[in-house]
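In structure tokens, one chain follows: the form predicted alone.
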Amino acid sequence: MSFWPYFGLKRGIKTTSWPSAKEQSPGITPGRPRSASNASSNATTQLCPTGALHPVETGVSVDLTHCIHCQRCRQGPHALPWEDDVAWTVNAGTALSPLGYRFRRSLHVRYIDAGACGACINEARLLDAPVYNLHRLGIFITASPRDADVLLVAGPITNAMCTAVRKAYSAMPHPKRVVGMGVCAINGGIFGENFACVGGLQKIVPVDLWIPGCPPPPLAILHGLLAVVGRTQCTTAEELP
């Protein structure tokens, strides 16, 4: 007989209490850069390989939809402040309101890997792990888009996956929402738009929310899914100091 029941009883409950309490365990999030008013704009913006940092009159602003978390702006004399939070969700600019209260404890999600490098799917797999346990929030992963309320898509959307994404979206019942996960889904990320990728989910289907990150951690993904039903608030893609 396996000893896992014994170890489970001995270790106790390990599931995070987030969002009812802030999660402060080490490694739970890589954090994100914040805009700064006292940063050297020229020196700091040159550190970013993806153009996520922009000089402004008061310092440096951060465009989260282009940040790949290389952490170059986190070190050195021109480092930006980093915040260890998970509220990364960005509104994609649609006028759709959050899903109704009927979905708040019964939200079904269809995940699609549309050509990602594998990092996003590894984070998405952790959602069902005991530490995060998405079911406690009333969120469930479904195998069929016909049963899905949310389409969660990661990757730069390869040409081979365009038709699959469109068919999945068409098969979903109304009301339905689309969430792009990771910077690759937003604008192609480090892959960009090339001979094999369209470079962004919005070119294929309408998108309601973005979850920036490369990749976003599990709690950031959960934050985005809770935002779909109005249980959390979105942030802004570009935070000015």
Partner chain sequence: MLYVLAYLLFASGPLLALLPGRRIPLIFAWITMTAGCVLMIVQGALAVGGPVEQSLIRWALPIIGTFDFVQTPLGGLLILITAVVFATALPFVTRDATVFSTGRRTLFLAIVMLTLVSMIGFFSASTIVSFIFSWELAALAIWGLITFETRHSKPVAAGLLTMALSELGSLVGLASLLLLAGAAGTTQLNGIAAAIPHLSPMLLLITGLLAFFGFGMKAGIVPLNVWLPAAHGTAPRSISPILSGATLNLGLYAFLRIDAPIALHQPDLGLVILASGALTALIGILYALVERDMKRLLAQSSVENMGIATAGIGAGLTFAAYGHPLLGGISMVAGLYHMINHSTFKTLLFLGAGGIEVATGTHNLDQLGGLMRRLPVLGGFFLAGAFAIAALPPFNGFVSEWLLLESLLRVVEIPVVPVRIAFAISGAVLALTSGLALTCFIMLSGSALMGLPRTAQAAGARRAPHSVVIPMGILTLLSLLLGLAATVIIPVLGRLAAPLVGADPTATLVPAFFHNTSRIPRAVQQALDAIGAHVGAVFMPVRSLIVMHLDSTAPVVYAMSAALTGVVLALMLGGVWLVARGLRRRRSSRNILWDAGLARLRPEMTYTATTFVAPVRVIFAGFFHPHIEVEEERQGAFVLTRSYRGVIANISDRAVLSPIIGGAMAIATLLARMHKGRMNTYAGYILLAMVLLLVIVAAGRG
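Source: prediction; values computed, not measured. Residue numbers count along the first chain shown, from 1.
Beyond the structure shown, there is the form predicted together with its partner chain, which is absent from this document and is the topic of what follows.
Using a 4.5 Å cutoff between non-hydrogen atoms, P98 does not count as a contact of its partner chain in the predicted bound form. When contacts are judged by a 4.5 Å heavy atom cut-off, A79 does not count as touching its partner chain in the predicted bound form. Within this chain, R125 is remote from the site of its partner chain in the predicted bound form, having no heavy atom within 4.5 Å. At the 4.5 Å threshold, heavy atoms of L152 stay clear of its partner chain in the predicted bound form, well away from it. With its partner chain left out of view, the stretch that reaches within 4.5 Å of it through heavy atoms in the predicted bound form is, among 84 to 92, 167 to 175, 125 to 133, 67 to 75, 167 to 175. Shown here without its partner chain, the chain has S144, P145, R146 in 131 to 154 lying with a heavy atom within 4.5 Å of that partner in the predicted bound form.
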